[in-house]
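Each of two forms of one protein chain follows alone as structure tokens, named structure 1 and structure 2.
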Structure 1
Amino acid sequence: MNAIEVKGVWRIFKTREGIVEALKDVNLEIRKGELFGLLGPNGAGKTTLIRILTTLLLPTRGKAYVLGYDTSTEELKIRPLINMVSGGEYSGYGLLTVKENLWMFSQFYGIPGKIAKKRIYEFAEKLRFKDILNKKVRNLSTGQRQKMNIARGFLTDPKVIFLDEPTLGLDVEVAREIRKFVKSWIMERDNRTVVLTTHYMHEAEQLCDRVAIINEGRIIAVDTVENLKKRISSEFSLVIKVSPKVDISWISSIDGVLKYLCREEENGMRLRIIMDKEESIGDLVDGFIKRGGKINYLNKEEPTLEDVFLKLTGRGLE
């Protein structure tokens, strides 16, 4: 049995502007024991799908199952078996300490006291927050609070856990500790499943067994990271930093340019260009120089998951 099955799910909202199709005929299977990534830009439908799978939202059409239970009619059987952690959330009570908050959440789920206490200290050790167990939540930093949130989500030993942008806005070291913890947790038992949404391509590449790319409410690709990269194995990326900002409408006319993404920076722009002809690099450089641009950085890279995403959707995650 799969951990999650989504069959022909649509979710339609009525707004003042009209009808919005947040999900369009989504079909998806996530195996037990997988660390599965869900990638897509803002507004692609990721959060809507997660809300359906966590029984917080009903599908307009179609069916979704978690551990064999129908999310529309058997939510009371699903909820004790799952949990969810979001990035940037403020959970718990500020007047209570970290330890008191985690204890309180454990009792909501009916975890025996001895087991709850053991898990709290185990997670504090693994996530390296033993020093703040007696600190009030209102006095925590963003990273400390997210470590507590992660511990709260895993405290119930869920069969399926949903991590929605769990490292959003965290510094490098804290994000690394959380990723290490998630990876070790799923490897301890083969019946645990993690569903991860993230904006960070390197996070998906490091953690996920498979990923699904969702765009404009539709799943457009599902595979391992390596297999997705093979789709553009004959291509490469050119990363260029240019200052100041110049006209880039001409880039698509260069022979060998397949797609490109431009992000404006304080003193110029950063471009990621997918190409299949190395000899056209000189034409690109000449084009920027003719338009008054100075090349501050240029590097040719092998295909990444970001390139796959750009190739399939025509845009970046942000």
Structure 2
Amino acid sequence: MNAIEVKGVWRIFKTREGIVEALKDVNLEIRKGELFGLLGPNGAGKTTLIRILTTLLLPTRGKAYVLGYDTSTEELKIRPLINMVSGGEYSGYGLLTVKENLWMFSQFYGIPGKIAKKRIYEFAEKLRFKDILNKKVRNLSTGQRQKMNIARGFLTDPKVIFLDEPTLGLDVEVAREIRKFVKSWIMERDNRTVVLTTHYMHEAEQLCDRVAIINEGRIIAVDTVENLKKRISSEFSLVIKVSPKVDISWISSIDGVLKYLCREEENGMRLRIIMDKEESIGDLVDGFIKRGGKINYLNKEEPTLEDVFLKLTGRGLE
């Protein structure tokens, strides 16, 4: 049995502005024991899918199963087996300390006292927040607060845990500690499943066994990061910084250019061009110079997950 099965799920929202198709015919299987990533840009439908899987939202059409149970009709069977943590979430009571909050949650969840205590200290150790256990939650920094939220999510020892952008807006160090914790948590246990959403490429790359790329409500690829990269193995990307900003409409007409992305920067622009013909690099450089652009930086790079995304969707992630 798979940890998760999604079969032909649609989710449509009716708003005053019109109809939003947040999920369009999503099909997905996630195996037990996988650390699975849902990767997609803002508004792709990641949170909507997580809300359906955590039984907080019904699909408009289709079926979703968690550990064999139907999310639409068997939510009471599913809920004790799962947990969820979102990035930037404000859970807990500000006037209580971190330890008191975690204890309170453990009692809500019905975890025996001794076990709860042991887990709180274990997670505080592993996530490096022992020093704040007696600090009031209202005085925590964003990173400290998120460490507590993560601990809260894992406290119930869930069979499946959903992490919706768990490192959103955190500094590099805290994000790394959280990723390390998630990875070791799943490695040290049998048959636990983690489903995580992110729009950070490197997070998916470092952490996930397999990744589903989701864009505009559709899953457009599911594979290991390695295999996703192989799909574009004959290709490379060229990163170029040009100043000032010049016309770029001609780039697609250069032989060997497959897709490109342009970000405006102060006094100029940064382009990421996916191509499969080294001989065309000269034509590209000439093209910029002819239009009055000065090339300040040029680097040829191996394909990244971001390139896979760009190739599949024609757009960037962030």
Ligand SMILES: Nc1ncnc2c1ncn2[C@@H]1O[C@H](COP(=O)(O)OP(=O)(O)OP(=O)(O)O)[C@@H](O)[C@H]1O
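Between two forms, the rigid core is the largest collection of C-alphas that superpose within 1.5 Å. As the structure is a prediction and not an experimental result, all values here were calculated from the model. All residue numbers here follow the sequence of structure 1, with the first residue given the number 1.
Given structures 1 and 2, which represents the form predicted together with the ligand? The form predicted together with the ligand is the one given as structure 2; the other form is structure 1.
Large Cα move at residue 10 between structure 1 and structure 2, threshold 2 Å, rigid core: False for residue 10: its C-alpha shift is below 2 Å.
With both forms fitted on the core, give yes or no for whether the Cα of residue 267 moves by 2 angstroms or more between structure 1 and structure 2. Yes, residue 267 moves 2 Å or more.
Core-aligned, is the CA shift for residue 286 between structure 1 and structure 2 2 angstroms or more? After core superposition, the C-alpha of residue 286 moves 2 Å or more between structure 1 and structure 2.
Enter the rigid core superposed C-alpha shift of residue 297 between structure 1 and structure 2, rounded to one decimal in Å. Spelling it out: core superposed, C-alpha of residue 297 shifted, distance 2.5 Å.
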